[in-house]
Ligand code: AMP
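One chain is shown next in structure tokens, namely the form predicted on its own.
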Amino acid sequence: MRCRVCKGPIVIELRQHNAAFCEEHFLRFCRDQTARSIKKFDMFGTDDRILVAVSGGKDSLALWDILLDLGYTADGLVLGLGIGEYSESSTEFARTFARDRDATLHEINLQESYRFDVPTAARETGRVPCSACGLSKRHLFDKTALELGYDVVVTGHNLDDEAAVLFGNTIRWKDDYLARQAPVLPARAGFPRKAKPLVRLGEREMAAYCLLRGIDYIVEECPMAEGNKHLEYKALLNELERTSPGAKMQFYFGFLDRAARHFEPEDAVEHLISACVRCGSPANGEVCSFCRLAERAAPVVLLPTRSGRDS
């Protein structure tokens, strides 16, 4: 098989596209697919300030690299979640990427700023670790973007991620989640715009992109994610994709084209009735979910000691 574009030797075959590419044209393919998603879903423009939610993994670092290559103003934010060596390595990969590209990386360490970490929060609150982690990430990415004047927060969620989330939400018919299963969510009171530019690319493509671009990233899965249903759904969909190439793309984009509108809420009025008395973020009561989590995980500390630091 030869490159679909130049007929040269290939580095990757993409069965879902019935195509194969050489190194040059595969990298171009990744950039083009990302640009296509940005344009199709009107995610952001060239004048927007973009904050990339960086994990130190292949997807977020590849996304950051692509956005910089496309000419966007994109800075990163990495969170120190306190998950032992895994968190330390993740942060170091993010720092290395930013240093090599002279890019801006913001850092927030949960333990230093809020006196708790994800393992402690999970233990003290009875939440599963992924729940405590997800809540902390959403709060801190949103809060930092608003405080520092970014127009949009982008995440490295790829097609595999989104198809797995959609699968889980569908088999449980979680209407509220299905209503927000979109590649871009508009800004609303207390929340920045959010976008997922990698929805046309899968994990395999992102791993190959990083390899060809010389981007080092953390390979291991989070040690606290064991038993996560999301990983099980990914495995099921990967098996389906193996026998039916393109199934994940058809499933996800078929939902967006044919079904997503049926889950849009009829009443668009905001249900958040107040601002958190501790941090100012949107809340259903006096205190937001993140501050309640922090209180239970670190009862002696009600407010952050600092907002983070840049490196």
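Predicted, not measured: the structure shown is a model, and the values here were computed from it. Sequential numbering from 1, following the sequence displayed.
Quick note: we don't show the form predicted together with the ligand, though the next part is all about it.
Taking the partner from the other structure, the ligand in the predicted complex has a heavy atom within 4.5 Å of a heavy atom of G156. Within this chain, K137 lines the site of the ligand in the predicted complex, having a heavy atom no more than 4.5 Å away. Taking non-hydrogen atoms only, L110 never approaches the ligand to within 4.5 angstroms in the predicted complex. F141 belongs to the set of residues with a heavy atom inside 4.5 Å of the ligand in the predicted complex.
Scanning A74, L201, A121, V78 against the ligand in the predicted complex with a 4.5 Å heavy atom cut-off leaves one residue, V78. Taking a 4.5 Å heavy atom cutoff to the ligand in the predicted complex, the contact residue among A62, C30, A53, I50 is A53.
Partner contacts here mean any heavy atom within 4.5 Å of the ligand in the predicted complex, and among 144-152, 167-175, 79-87, 206-214 they occur only in 79-87.
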